[in-house]
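Here we start with a single chain on its own, the form predicted on its own, put down as structure tokens.
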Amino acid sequence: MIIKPKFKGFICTTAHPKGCARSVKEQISYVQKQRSIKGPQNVLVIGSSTGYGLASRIVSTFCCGASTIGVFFERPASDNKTATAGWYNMVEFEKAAKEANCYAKSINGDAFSTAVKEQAIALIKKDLGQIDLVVYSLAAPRRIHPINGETLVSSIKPVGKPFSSKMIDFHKEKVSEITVEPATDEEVRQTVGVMGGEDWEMWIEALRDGGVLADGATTISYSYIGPEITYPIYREGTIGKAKNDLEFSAKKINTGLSKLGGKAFVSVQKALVTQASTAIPGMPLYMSLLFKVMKEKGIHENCIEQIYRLFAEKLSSSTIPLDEKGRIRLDDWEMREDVQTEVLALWEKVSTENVAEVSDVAGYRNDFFRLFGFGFAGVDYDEEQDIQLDIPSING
């Protein structure tokens, strides 16, 4: 079938297999041109099919020479419906890993469930013995609690009072105003239940009890802080409450792992286009302005560049630099005073009439399409595609 982008709300409901393959190939090509890293050799990535999780698996494999197991929840193709972008990403990743003679196996299922945790532990025992790095990079809108069966649903809302902000329809390049009403206490509780640190703790506990965490094992999860103009909807909103919980979990996990000589970290990343970030009011406009400023200064990073820098300059260091709250900071360039001063000035004056001039909305839109395999040079988007592709370690 010929595949074109189709939308439902903030999400593209189609994905292009060759475009997704090109995306993975470009990321692999980037890291292969960098210096190799003396890093982890057996890696578990929970949430490995897109974004920072995918980049973590690529860097682990093609820079560290690691064996990797990836856990994700993606949908294969059915009838005339394409698979999700993450599914096609994993098809290409496993193909490339095999060509490089690197071990790579995947588990497709609900990472919040006890069954998937048990499946991962069994696979580690069978093939790898133990894991020395666990990357926790889940981004899910809901979670079925594995103990009480409650379905928890996350909300993107401010806490305490309404939030009003500029926003952009990046397809139409239209700037407008939006007001979001505050979350209820129940919405805060459920958001923390989905996006907080409880499941990360459960994974590490299960892996430790299963005897598959190596002495000195490290675990890391990803977070974001952002500028003051987004605090009400992000760091001080429901998502921020969840991120605070994630950071609290990191401290608890770190205490437990210290008995094995291990460590737990939260790494604060820069703002990037993801399927999740497009739904956060104000963030697409902020990022469109940020990208313009950072590109002009020559300090813009995409996802794979961020994760390579994390592995090469932070995790591989004998003394990992941390902020006052014990976090790794990869948002250091985004939060530079000169960058934020310029972004804020642009924020104050941006409008529908000048958005194309004062922002990089075109770059933001291109990044969004690329998440789903569209917009890559060299891919014929008028060509018939086979959408029924198997991930080798799952269906091969």
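A residue's number is simply how far along the shown sequence it sits, counting from 1. Because the structure is predicted, anything quoted here is derived from the model rather than measured.
Keep in mind that the form predicted in complex with a small molecule is missing from the display, and what follows is about it.
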**Asked** Of these, 111 to 119, 252 to 260, 160 to 168, 125 to 133, which stretch puts a heavy atom within 4.5 angstroms of the small molecule in the predicted complex?
**Response** 111 to 119
**Message:** the small molecule is absent from this chain, but in the predicted complex, do Tyr286, His300 and Val343 each have a non-hydrogen atom within 4.5 Å of it?
**Reply:** no
**Asked** Should Phe72 be counted as a contact of the small molecule in the predicted complex, where contact means heavy atoms within 4.5 Å?
**Response** yes
**Message:** How about Tyr224 - does it come within 4.5 Å of the small molecule in the predicted complex, if we only consider non-hydrogen atoms?
**Reply:** yes
**Message:** Test of understanding: in the predicted complex, would Pro40 fall inside 4.5 Å of the small molecule by heavy atoms?
**Reply:** no
**Asked** Does Leu315 reach the small molecule in the predicted complex, with heavy atoms at most 4.5 Å apart?
**Response** no
**Complete:** Residue within 4.5 Å of the small molecule in the predicted complex by heavy atom, from Ala242, Ala85, Leu207, Leu138, is Leu138
**Contacting member of Met202, Ala214, Ala276, Ile229, with respect to the small molecule in the predicted complex [4.5 Å, heavy atom]** = Ala276
